[in-house]
Structure formats: structure tokens, C-alpha cells
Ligand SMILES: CC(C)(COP(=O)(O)OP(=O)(O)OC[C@H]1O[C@@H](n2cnc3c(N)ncnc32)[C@H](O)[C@@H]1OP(=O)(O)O)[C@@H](O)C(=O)NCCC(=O)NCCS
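Next up: just one chain, as C-alpha cells, the form predicted alone.
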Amino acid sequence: MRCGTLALVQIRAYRPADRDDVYDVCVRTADAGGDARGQYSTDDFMPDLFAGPYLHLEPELAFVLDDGDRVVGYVLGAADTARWAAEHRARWLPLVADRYPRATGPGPRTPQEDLTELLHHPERNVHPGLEAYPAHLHIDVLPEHQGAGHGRALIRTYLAALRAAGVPAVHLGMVTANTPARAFYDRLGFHELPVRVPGLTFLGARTDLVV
């Protein structure tokens, strides 16, 4: 809100100048929807896993929520998860691998070390049983902009882009403990998929879903 008037909030295509704002939204929503700033070696860590590769590899599938001053939310993803994993290894991992070396030696790993394994093995995002749902997505909106229908509008925009590209269906993986997110996807018509990963729930939808 500026000067007593409500700023115009709009969804638009991602622009390279939005990158810092997208990274900021990502880290501020990366703790099961809460703020993860200060939890890892750098606040770029979670965005480098869950935002950067999409902005780099498939920027045409990135859309942002702009409040007139800055980006306050986004949706992004990949049209073909298997292809994305291969491109991630070839084109994204070389850019960030040195920043986040893999753990060495025995003993329990920290949460960052576990996630670093995912960064170094993008193929772990390809799960048997999801062949009919080739695309995947990530969506985040800052808490102060939630509850106003913006998340639904972002999903609608993303599904339309996938549909125009001939992609039939999409999936997402979410932290099972994030019950508000699960309620959001349930309201949109997403359904649970038979993929079993500890701590995660996988949901899917056809791209012709009306949300």
C-alpha cells in the first residue's frame, strides 16, 4: 500500500531483472512456508536449488506476482521433468557446484548437506509413476499477499502456459507438514499421487483443470 491507495497487483512474465526478488521470495518462504533466512550457509542456497535452475533453464515458464514495487510471488517449473534433470546437470550444476560441495566422511548430515545431495543429483526429481505428469512446478507467495486469490491466479497462468505447449499434466512435491499448502492445492482440485518419499507428498493435475 502506498499513499493510502492499494497498489496494482499483476501477474506477468518473468524478466531477468526480477531475479533478486524471486530469490528473496524463495528464501522467505522456504521453511515449509516460513522464513528460512539465516538457516543455511548463504540465503542463496535454497533459491539456488528451487528457483535458479528454472529461471536459467526455462524462463518462459516463470511468472511473477508484481505489486507495483517488486515481485512478491512467483510460479515456475519445467515442462518435462526428465529433460529438465538432464539440462540441470549439463547447464546449471556447473554454475553452482563449487559453491556447495558435497559432504565427505561418515556420520549424520546436516539439512544443508542432505539438500546439497539433491542439488548434485537432479535425477532424484524424476520419480517412477509420474510419467503421465511430466511437468512440475514451484509456487511461492509472500505471507502478506496470501489469501487474496493470487496463488490461484498464478497456478491458472502456469497451467495455461503448459497447455499451450502441449503438456498434458503437472505434478509437484510438497512438504507433508505444510498443511496450509495442502489445503490450497486441495481447493484447486489437485489430487494425491502414488509416490512415496519420506516427508513429502506428491500432487498432480491435468493442465486443463479449471482453477
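Quantities reported herein were computed from a predicted structural model and do not represent experimental measurements. Heads up: residue numbers just count along the shown sequence, starting at 1.
The following text describes the form predicted in complex with the named molecule, which does not appear among the structures shown.
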Check whether His191 has any heavy atom within 4.5 Å of a heavy atom of the named molecule in the model of the complex, and answer yes or no.
no
Distance check, Leu115 to the named molecule in the model of the complex, heavy atom within 4.5 Å
no
Does the named molecule get within 4.5 angstroms of any non-hydrogen atom of Gly33 in the model of the complex?
yes
Leu119, heavy atom within 4.5 angstroms of the named molecule in the model of the complex:
no
Ok, Val96, Ala79, Val141, Leu130: which has a heavy atom sitting within 4.5 Å of the named molecule in the model of the complex?
Val141
When you measure heavy atoms, are Gly149, Pro180 and Tyr185 every one within 4.5 angstroms of the named molecule in the model of the complex?
yes
Thinking of the named molecule in the model of the complex, which stretch from 38-46, 171-179, 157-165, 55-63 has heavy atoms inside 4.5 Å of it?
171-179
